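Two separate entries follow, structure 1 and structure 2, each one form of the same protein chain as structure tokens.
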Structure 1
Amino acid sequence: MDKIAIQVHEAYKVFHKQRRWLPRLRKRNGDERKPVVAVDRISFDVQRKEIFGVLGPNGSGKSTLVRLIATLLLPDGGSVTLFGHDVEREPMAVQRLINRVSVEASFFKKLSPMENLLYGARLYGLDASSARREIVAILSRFDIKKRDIYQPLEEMSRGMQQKVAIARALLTRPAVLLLDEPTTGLDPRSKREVQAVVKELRDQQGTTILLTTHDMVEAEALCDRVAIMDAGKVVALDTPAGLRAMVPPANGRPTTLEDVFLALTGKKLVENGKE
């Protein structure tokens, strides 16, 4: 298998606001149809078995990047490949290699975790009887009680639902796991459990992981390398130690990843605040 798991080359994604149909309305409402550049010609490689973090403020393009890799969006420029398969030209080959956990646990809420995960397992061509056993094993690992496995998901807390979402991704044993803010909304204990699973996946199954997060501690603890995105661009990419070295210590304490994040993206935040 290729050493490079994910290759993003000059990837570009722009969204256009919906144009009003009537010219009079366009004029009256000042519809200038300004495009929003969500991902602005970014390039990076993720090595096989690497945990690659992506940090960035809200609206910086992290989720768009994840969707481009997950074949849920088509790039407007550049290319994205997974183990040599282009996301636009060979989506099925890419889809067989990946799974994704998004910030909102998207499920059929009336169905139970077992029913939802069985649906997921069948979509990925897994055998139902072995999938059933594995679902129970993975969910038990996340401290989900056996009786809850068969109750509607809507009766679970958001944190528990997120655990089920992670279990669903693990079930298909993806070569590349895309985690889009997977621990948002989880309590500290659940966060640690998820983080332990992420590490274990890489160490024991050789899974390549791309993780977006707002949690600097999490990024520091898990990621081999971290890219910081701002306004659709990668403004820094290095190991956590390398990133910390970019910003000199202040107030007599060592630089944290949060200092780096604020130094590289904070100016924009202040500017936005003035508007």
Structure 2
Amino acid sequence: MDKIAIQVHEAYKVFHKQRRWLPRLRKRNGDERKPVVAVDRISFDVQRKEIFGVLGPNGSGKSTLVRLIATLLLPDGGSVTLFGHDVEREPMAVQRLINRVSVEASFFKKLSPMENLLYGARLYGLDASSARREIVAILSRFDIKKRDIYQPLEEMSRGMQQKVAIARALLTRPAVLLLDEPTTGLDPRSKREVQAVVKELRDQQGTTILLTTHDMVEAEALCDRVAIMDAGKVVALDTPAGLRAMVPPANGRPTTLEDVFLALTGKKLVENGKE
């Protein structure tokens, strides 16, 4: 299999305002027809088995980028390929290689993790009996107790639910896992549990992972390389150490990724990604 898992070249995506929004927009900026460029001619490669981070505040284009890679949106320009398969010309081939976990995973909350994952397995045409064994094995590996596998999902913490969402994604054994802010809103313990799962997937399963986040500490702890996005553009891309080296220390303390982000964009990230 190719060493390059994801290749994004001059990717471009623009959204046009809907008419029902026009009165509000006219009051706000006086230009009701102004398009919004969500992804602005960005390019990068993600190596196979790499954890690649995309860092930025809400509105920076992170989630739109993930949707382009996942074939949920089509680029208006440029190209996106996964292991050589173009998302626009070969969407089915791309979909067979990937799975995606978002900040708000969709579940039937009254059903158990087992029932939810079996439903997902049927959607992918997996054999129910073998899927049942695989579900128990995956959830057990993620420290979900056997009794909880058969209890309603609504009784589980958000951190545990996110691990169930990742387990559901793993049922298809994706070559590429797209994680779109999977730890947003989680308590510190649940966040660490999900981060441990992410590392395990790369180290033990060889999964290529693209992780979007607004959490600087998370990006530094997990990612081999990080792209910083602002207003739809990649303003810097390097290892966490390489990014920190771009900005000299100040006030006698080491440079952080947040210092880098501030220096490059003039913006500050705050809790829950709100500016």
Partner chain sequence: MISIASQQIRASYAFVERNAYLVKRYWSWEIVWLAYSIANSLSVSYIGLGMEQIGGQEVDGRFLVLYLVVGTLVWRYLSLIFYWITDVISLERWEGTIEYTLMAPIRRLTHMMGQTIFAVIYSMIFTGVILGVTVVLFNIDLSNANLLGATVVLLSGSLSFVGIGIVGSILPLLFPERGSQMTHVIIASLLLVSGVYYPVEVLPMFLQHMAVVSPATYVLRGVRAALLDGAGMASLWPEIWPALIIGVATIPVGLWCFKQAERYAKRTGKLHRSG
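So that the term is clear: the rigid core is the largest set of C-alpha atoms that superpose within 1.5 Å between two forms. Owing to the predicted nature of the structure, the values given are computational and were not obtained by experimental measurement. For residue numbers, the reference is structure 1: its sequence is counted from 1.
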- Correct structure when looking for the form predicted in complex with the partner chain: 1
- Task: Compare the position of the CA of Arg141 between structures 1 and 2 after a rigid core fit and state whether the shift reaches 2 Å.
- Result: yes
- Query: Would you say Leu111 moves its Cα by 2 Å or more between structures 1 and 2, aligning on the core?
  - Reply: yes
- Message: Core superposed first: is there a CA shift of 2 Å or greater at Gln95 between structures 1 and 2?
- Response: no
- Once you lay the two forms on top of each other by their rigid core, how far has the C-alpha of Gln151 moved between structures 1 and 2, in Å? 4.8
